[in-house]
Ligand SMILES: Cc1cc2nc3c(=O)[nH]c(=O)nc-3n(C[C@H](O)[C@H](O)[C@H](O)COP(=O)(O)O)c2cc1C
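Here you get one chain, nothing else, as structure tokens; it is the form predicted alone.
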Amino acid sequence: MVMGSSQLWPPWVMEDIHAKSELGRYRIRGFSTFQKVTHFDDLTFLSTGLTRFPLEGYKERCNTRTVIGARYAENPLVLDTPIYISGMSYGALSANAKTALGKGAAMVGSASCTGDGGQLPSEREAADKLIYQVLPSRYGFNPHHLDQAQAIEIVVGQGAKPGTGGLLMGVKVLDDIADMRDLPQGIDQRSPARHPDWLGPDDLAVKIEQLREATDWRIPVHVKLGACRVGDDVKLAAKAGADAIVIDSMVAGTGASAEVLIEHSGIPTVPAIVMAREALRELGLYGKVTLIASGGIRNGADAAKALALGADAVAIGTAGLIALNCNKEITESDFESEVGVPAGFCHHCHTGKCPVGIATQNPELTKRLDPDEAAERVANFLNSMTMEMALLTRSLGKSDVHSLEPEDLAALTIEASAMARVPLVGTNKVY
């Protein structure tokens, strides 16, 4: 008797058990979570009717200029758009990909971030504004490079793998990447889960002070947190002296992580922003400490909703890679034969076999990504996101994306209402 698929034991759960019984360990993969979680599509903007006047796009300007880290820094990070490229390492990504991201961001007056493993010279040359990450591994860390940056980002955790360190499979630890990280070639790199020279929030305050002294208080110091115990973590980071706080949610992407972490740790972006906003407000620091949302930002609508919920800026990772051509069949590629899945379904970033030359160190594959053409696509995508944000903002009768607020939103589901703390459509009730 055929009864259909079990809800508890569907085919993909059985396949997972089969795979682990062969591997003898947890599974590792890239990309992002496959969980169905409340996200920005569950919110909608309440544009104008008779209640207020919309603004004319062809003659009334919408401001998108964004200042990050003005709390203590002499020279805060000033961007033409509230969207920048998140930290992704040279190692996880090819040199061509990193260079294209830096150049594309520069073309629209935005910034890119180094990621783990140190600064890639071609990215530093291409990027007008570069955020230098300080990670637990200290791989490739160079104080002279730090001094060249326009901002510093201390990474406490990442949304796709909170509570653990970075992971770079040996197939990518080659040549200059192995040299930069002072690692043997071909050996899997597992970064430490915590910083070697500090443990708690009091030590973090000392580390922030050290970095300020090293850069003469010129540039802002950000703290990046995986979105888990958001309220307390944000308060501790703010009290430690952070100029900006990045909240990286469970829907953020990664080049490689244990699948169990990708799928079963952290919280979504929507409640993470709200919790961070309220934590800063409790300290009287909302609007003084810059709040940056990261994780699953796919378009201008997502970015605008993030700002309406309380963020000052957003960081994109996976969306930027897709703009480079991630998961797109190109003339030189054949996804099915090269990675075993059709384009649009690839999550094999950790294998180093990226058919479009992004998440690989194979020189034959890397050649498939032209950094100049790719930079144009990244710039176009960032421009489109910024234009979408401005269009939505003007439809609300506002002339500055930073004027967006929760009152401009309604929720389409009870879950979204509870997480975003905005009314459910058709009611005045916040669930």
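One-based numbering along the sequence shown. Since we're looking at a predicted model, the values are computed, not measured.
Note that the form predicted in complex with the ligand isn't included here; everything after this is about it.
The stretch from 121 to 129, 213 to 221, 312 to 320, 144 to 152 that comes within 4.5 Å of the ligand in the predicted bound form, counting heavy atoms only, is 312 to 320. No member of the trio Thr64, Leu79 and Asp243 reaches the ligand in the predicted bound form with any non-hydrogen atom inside 4.5 Å. Proximity to the ligand in the predicted bound form, defined as a heavy atom within 4.5 Å, holds among Thr99, Gln361, Gln133, Ser110 only for Gln133. Here is the short version: of Val251, Ile208, Leu280, Val230, the single residue with a heavy atom within 4.5 Å of the ligand in the predicted bound form is Val251. Of the heavy atoms in Met88, some are within 4.5 Å of the ligand in the predicted bound form. In the predicted bound form, Gly255 approaches the ligand with a heavy atom inside 4.5 Å. Although the partner is absent here, Gly115 sits close enough that one of its heavy atoms falls within 4.5 Å of the ligand in the predicted bound form. Gly296 belongs to the set of residues with a heavy atom inside 4.5 Å of the ligand in the predicted bound form.
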